[in-house]
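The chain below stands alone and is given as structure tokens, in the form predicted on its own.
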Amino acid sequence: MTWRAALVFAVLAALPGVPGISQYSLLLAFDALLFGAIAMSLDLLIGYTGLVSFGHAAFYGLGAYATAIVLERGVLSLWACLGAAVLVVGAYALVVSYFATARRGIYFALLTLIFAEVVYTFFRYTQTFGGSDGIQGLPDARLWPGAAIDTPLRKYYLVLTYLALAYAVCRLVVTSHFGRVLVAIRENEDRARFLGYSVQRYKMAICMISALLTGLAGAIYPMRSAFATPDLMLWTESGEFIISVMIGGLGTLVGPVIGGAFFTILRDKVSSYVDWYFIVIGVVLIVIVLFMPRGLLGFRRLLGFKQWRATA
């Protein structure tokens, strides 16, 4: 982790100490950081490997359901929830990545979308998991016996810790030889194959990493909201993840985090005034795509700042 990233996380860690900050603001910050972490995980596929996934919401939703099922059965350990999410999301991601990475371009995107719609439909119409209402009224998870994650402050630090660990994993990936091969695949898949790399294995590996990080984010979500519903797996949720990556900037780690946080806060503020908030978000996205093709992170160049490195 660079000193600049460490400084940012230090500032975020000090945020709850700001005088006058409300519990609502801490929960909004929770949502912003969680969404940003998911966007960062997704950018491992879109920005670094050139694979557009329209099914990331399924990983997110499965992680949430894994936590919900564990908590509903009285197992309150945070680690049990995360372990269940890794098993469930990992098994699903293995199947999806095997079939989806066997195809290129739009076929990869379509296959991830189709698999996600199958999962959404299964949970939407299966009453064992609550049907369209999902699983509601979950108890608080515990870090260890007697240490419940039951306040906005504790939930905020939980998601901040997750973001820091996810950033460290993503940075390790993109700065390694493995990460450079992914960029080579993005630039010219055939040439990477001719050089002797097993392209599908690399694609599967990065799909698994991205899916597990997203699934762990999903596993944390019910600890803030106390529910898991099929709506978490809707294709529109996957679309919002992609929009967040585009807003922040493709091919970086920091950009999607900024984009995810920006999208979450914008949606929250605009929706508190009007019901047609997606029109406003759409206009903002059009402006960014037309005038800031590198996203909000690329906007720094227009202000004369040094460009962030690709690994930032």
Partner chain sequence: MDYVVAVLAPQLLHGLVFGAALGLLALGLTVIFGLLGVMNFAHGELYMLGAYAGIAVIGWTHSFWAALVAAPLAVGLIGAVTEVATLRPMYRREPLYGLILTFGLALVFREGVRQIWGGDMRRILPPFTGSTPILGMTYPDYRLFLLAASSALLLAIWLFFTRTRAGIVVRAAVQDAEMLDGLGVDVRRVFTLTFAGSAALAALAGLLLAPVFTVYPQMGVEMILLAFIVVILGGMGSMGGSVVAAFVIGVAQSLFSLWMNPQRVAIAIFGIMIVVLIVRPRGFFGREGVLE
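Residue numbers count along the first chain shown, from 1. The term rigid core refers to the maximal set of C-alpha atoms that superpose within 1.5 Å between the two forms. From a predicted model like this one, the values you see are computed outputs, not experimental measurements.
There is another form of this protein, the form predicted in complex with the partner chain, and it is not shown here; the text below is about that form.
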{"query": "Close approach of L113 to the partner chain in the predicted complex, 4.5 Å, heavy atom", "finding": "yes"}
{"query": "Proximity of L250 to the partner chain in the predicted complex, heavy atoms at 4.5 Å", "finding": "yes"}
{"query": "Distance check, G90 to the partner chain in the predicted complex, heavy atom within 4.5 Å", "finding": "no"}
{"query": "Exercise: L34 in contact with the partner chain in the predicted complex, heavy atom 4.5 Å", "finding": "no"}
{"query": "Candidate stretches 252-260, 34-42, 57-65, 273-281 - the one whose heavy atoms come within 4.5 Å of the partner chain in the predicted complex", "finding": "273-281"}
{"query": "Contact check for F122, Y125 and L290 against the partner chain in the predicted complex, heavy atom at 4.5 Å", "finding": "yes"}
{"query": "Residue among R191, R180, R154, R104 with a heavy atom within 4.5 Å of the partner chain in the predicted complex", "finding": "R104"}
{"query": "Within 4.5 Å of the partner chain in the predicted complex: residues from 39-55 (heavy atom criterion)", "finding": "I46, V52, F54"}
{"query": "Large Cα shift (2 Å or above) at V18 between this form and the one not shown, core-fitted", "finding": "no"}
